[in-house]
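First, one chain by itself in structure tokens, the form predicted alone.
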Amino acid sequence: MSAPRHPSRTKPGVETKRTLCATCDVSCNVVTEVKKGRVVRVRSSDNPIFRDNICMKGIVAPKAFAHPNRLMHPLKRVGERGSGKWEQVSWDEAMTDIAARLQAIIDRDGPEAWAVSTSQWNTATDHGLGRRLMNHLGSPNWISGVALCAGNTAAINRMTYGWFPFADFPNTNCIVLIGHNPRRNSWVPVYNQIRRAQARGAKLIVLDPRKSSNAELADVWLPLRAGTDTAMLFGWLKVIFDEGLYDKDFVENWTVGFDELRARVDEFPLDRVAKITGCDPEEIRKAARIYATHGPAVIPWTPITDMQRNSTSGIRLQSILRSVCGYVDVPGGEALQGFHPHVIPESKIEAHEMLSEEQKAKQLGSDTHPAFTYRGQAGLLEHTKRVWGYEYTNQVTGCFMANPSATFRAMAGEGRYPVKAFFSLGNNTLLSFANMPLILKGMMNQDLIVVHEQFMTPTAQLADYVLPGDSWLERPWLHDSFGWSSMVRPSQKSMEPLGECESTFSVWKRLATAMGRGDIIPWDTLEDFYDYRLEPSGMSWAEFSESYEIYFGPLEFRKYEKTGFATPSGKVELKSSILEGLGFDPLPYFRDDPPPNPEYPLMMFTGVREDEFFQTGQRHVPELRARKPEPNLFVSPGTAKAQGIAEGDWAEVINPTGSAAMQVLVKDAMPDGLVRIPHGWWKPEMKQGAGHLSGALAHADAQLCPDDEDFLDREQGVPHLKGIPCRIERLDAPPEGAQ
């Protein structure tokens, strides 16, 4: 299944490189064209497997990274925190001082007083080295945006069948999108695969409060109320069980807890599900029947179910549906691929065994919301090693991490011990998690903040040191699907980094060395490190990157017939022994919304990504801002009329956590009573520093996202972002900086 390197079209005087676009989290195979040492163009791959997998964010990347405001040199804060006063320093000077100050904090408060927030979706070349250094030094408090986006899903999937499955789009007969809407400029490969599947006859079912572009093309569209995914999936199981549409042989031989699950499912007759979700019971029945009878089917990962009050149960129900219908580890279903057998995985690099049990027990949030922490995953260790070869299997980088909200409370002086040193790498932390006011308070309470970034983000504006980060055009990358699948791809370095920009590998290498622990990261260069990871394959990085565009392990299905599943029972756990051991309900359940508050009569759906931007990035790119100059809230015509607002007005979205100003767009596709707002807005052109933060204090959705217990998933502690009470008030004039 591996694909050797495909020849590229060439032009005189133009060198081409086969590269993975890391502008977003999909990592499309693309080609860069290089003239005189600089990338002048990014275009679609010449390989038919990857052709047309490109979007506007990748195309504009050369210009975006050449922006005059890009950070080019290490900066040291010389005024008050957030004053905007900096001096340029050398890398050696910066890292020497950072190491000394970090060591002093560790000596005073313990290694757990050091927290790191990053995302390898953004930094790419970390490869677990940050966690490796933290584990050796004794800090368990690594957090990431994957706590509410894929990483948490992986951790919960593993509780059911021991691995996070990967959808087999090319061979499936039915695709279910839960709030997910891949488009031509967002999740492009998935969009293309869905269209190809539909062209050969596959069914498409879409669950989404709005009539999305995929909903318009679906065989069934279920316009469920925001945040009711879990109830809907109970309804599907009710139909499938009552009508005997499940895989009885698989259930009998490879699952545990079926009778208990069925009794729980019986609590959700379709009239109850219809009342909760707002959907027609016959349409619910129709969708469930299609899923169960048109298989093999897939429910691709979606960031929507990840971010709800009932996330753990919703994710569990997805995994249970796959299982009882016989779609796990079969062609056209959900493949359990494991690690590539010839590439050392990040899970081994991270060296979790170096962190003592005493320090693991200090991990923030593990006492209250343990699902993806060391405590929550401990019951899977020996079974994971039995099936997948590594005790500490970390998929999508989201297993064994601290809870973000608990970490921010500790940073703010409200935790069970203090966190006084905070590092943020490729992660605009202030805007990337719930309860931005708490994060801001925590950052202002730190003794040391280090940020590794490409631009002066709101988070960087509060740092002690800002270190310039390289771009995906300027570094090689060994992409191993973040441990999700056995698919490995190389990305060739296209040009030398601008200025003094350096990789995440370099940051950790420099820090380890400055702290007198260079032995922890013994490789001299990123290429040396890749040579080490590829040793089992018998190839060097240079040979690998010249030979392959995609490198698969041998594909094999129904592996559980030889090894069992990587769970304590060795079977699919419909009733989770792990959750039961942690003191939670071992069966999925549904929590109703808190009682309505008449001051906040509308519901808000936040965390929405826009095609022009990835997370909080790209607002500095003129071509992209011209398409989306302002943050827009979406409401239905009925809601707009009832609220006294019209298209083009500015309005403030308000709830008890905070407020944010957005420009109104009225859309027929929106249901009444729902306000949909985008994620991660700030304006790089606006005034920097505390009190301003480049417009983040005016527009960021994180100011509206609560993280109190009513709005947290019990098992994981992830925030509920899909159905938050709010109100909107029309503004008499546009806010400062509006275009």
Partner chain sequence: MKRFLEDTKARIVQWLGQRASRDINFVDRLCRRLLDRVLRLPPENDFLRDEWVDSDVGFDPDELDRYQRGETE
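All figures in this text were calculated on a predicted structure; none of them were measured in a lab. Residue numbers count along the first chain shown, from 1.
Separately, the form predicted together with its partner chain exists; it is not shown, and the next lines address it.
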Requested in this report: Given its partner chain in the predicted bound form, answer whether the residues Met56, Asn185 and Phe557 all have a heavy atom inside 4.5 Å of it.
Outcome: yes
Report task. Mind telling me which stretch in 710-718, 694-702, 670-678, 40-48 gets its heavy atoms within 4.5 Å of its partner chain in the predicted bound form? Result -> 40-48
Query - its partner chain contact in the predicted bound form: Ser90, any heavy atom under 4.5 Å - result: no
Query - Any non-hydrogen atom of Gly648 within 4.5 angstroms of its partner chain in the predicted bound form - result: no
Query - Contact flag, Ala274 vs its partner chain in the predicted bound form, heavy atom cut 4.5 Å - result: no
Query - its partner chain contact at Leu321 in the predicted bound form, heavy atom, 4.5 Å - result: no
Query - The unique member of Asn597, Asn171, Ser659, Thr96 whose heavy atoms fall within 4.5 Å of its partner chain in the predicted bound form - result: Asn171
Query - Interface residue in the predicted bound form among Ser213, Ser577, Ser540, Thr513, criterion: non-hydrogen atom within 4.5 angstroms of its partner chain - result: Ser213
Query - Residues from 546-562 in contact with its partner chain (non-hydrogen atom within 4.5 Å) in the predicted bound form - result: Ser547, Tyr548, Glu549, Ile550, Tyr551, Phe552, Gly553, Leu555, Glu556, Phe557, Arg558, Glu561
